[in-house]
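Presented below, as structure tokens, is a lone chain in the form predicted alone.
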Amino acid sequence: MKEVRTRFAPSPTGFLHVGGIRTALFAWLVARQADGQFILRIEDTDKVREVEGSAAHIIKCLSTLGINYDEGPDKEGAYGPYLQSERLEIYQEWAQKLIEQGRAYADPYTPEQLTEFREEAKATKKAFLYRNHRPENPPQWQPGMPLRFKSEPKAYKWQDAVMGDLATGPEVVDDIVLIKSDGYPTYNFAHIVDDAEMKITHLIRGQEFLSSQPTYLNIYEALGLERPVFATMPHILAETGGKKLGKRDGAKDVLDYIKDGYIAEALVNFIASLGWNDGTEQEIFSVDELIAKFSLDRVQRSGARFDTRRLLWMNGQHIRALPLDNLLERAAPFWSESALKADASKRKEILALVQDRLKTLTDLPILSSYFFETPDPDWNMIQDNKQLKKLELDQIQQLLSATRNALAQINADEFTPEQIQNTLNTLLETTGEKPGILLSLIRLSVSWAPFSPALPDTLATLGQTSSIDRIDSSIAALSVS
């Protein structure tokens, strides 16, 4: 059997969106599952649209997500170079083969003439096909002239690992440009040549190329090439559904998700689930599980809706699963200034406390800053609470006073979560107050944060003296509010 070789071949024209990453991920999973090779090839032949630094950005995105490649621009293999702009001689050689076979010719028309042809087709309500305007005696091809493929239209049937059995008639096969007037190949030609040269066995790409597949098959035949396994990825749809996800729908660069506190494992898990499942109810997968369970025949044919809430939930699940030391390392850029001034051991202690509450790493300052600095009372948080805003000021003062007195009665060396929980249970009985009211009030009075870890853990970590001092400060602020 042939060694499985897959590739990801993006154009360096801007940020790397979720659709591109999914294509790379699925190709990587196919290769890794078969102990094959995954190749990165940069298709930089469109110099007009190329964005400086994009190639390096693509490499950084893949590296950040752990999608490691075996051959690429910065990791040479046997079939390089891996930048298309450095492979021009190779395309010239393959183009010459087609010319010698009478399957390619120089395009003599000006852009204005081509526009006229298109307008004529539009006026007669017919599809524009360049082969209908094929010159009878084309000039000899030379630099500065486009080179076109001389198609032999025919019906095609082919099998797609995702879309199933597909077929088209001869009317969609056309004379496409192979080499542009600037000397660079088009994607339509270059990817076929490169995949053949690099021994690619599985061609995994987006749905936008499906309409051109019959012409590609015509080129495969003209060059005498064996077809690879084709696998067409359906579109990723916007959250509202119905249309392809784009920048206007909030699609972000992959590294922006990392900056926003998402971790690589969660992104990989989420992106893998966009259009694929293993046939079970399992939703959280490790990378090793994805490699073991992934298969192209489980990729759905219809579009997959991007669901931010699901990504957020997955991220929280993966954060909880991280070893504490690993999480501590990743959390480094997200701490508040006051936390960074504290000892590393203190940060680790607090992180262990809040780990189960983190949805993204950007939640860290909200969940932890009050452990490192005393917050100012914010009584608007009382008024914004549906239950607490119903309390009169004297009720709040009485409840907080009872709380500080109860906490003060605990022996200093017994100020543990277990003892604090017992004290709070007794306090609920003696005050007759609902847990949702009393415990929420206490939590706010010591943290003034929108959410926090379990109250007994929070109080024990703050310590008896600090907890009582903060409650006293809140009572004092209440009396002058």
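Not measured: the values here are computed from a predicted model. Start at 1 with the first residue shown and count on from there.
Note that the form predicted together with a small molecule isn't included here; everything after this is about it.
Trainee: Can you say which of 201-209, 405-413, 366-374, 146-154 gets within 4.5 Å of the small molecule in the predicted bound form, counting heavy atoms only?
Mentor: In short, 201-209.
Trainee: Although the partner isn't part of this model, could you tell me whether residue 187 comes within 4.5 Å of the small molecule in the predicted bound form, counting any heavy atom of the residue?
Mentor: Although the small molecule is absent here, residue 187 would touch it in the predicted bound form, with heavy atoms inside 4.5 Å.
Trainee: Residue 11 versus the small molecule, in the predicted bound form: is there a non-hydrogen atom within 4.5 Å?
Mentor: Heavy-atom contact with the small molecule at 4.5 Å: present for residue 11.
Trainee: Heavy atoms within 4.5 Å of the small molecule in the predicted bound form: does residue 46 have any?
Mentor: Answer no; every heavy atom of residue 46 is more than 4.5 Å from the small molecule in the predicted bound form.
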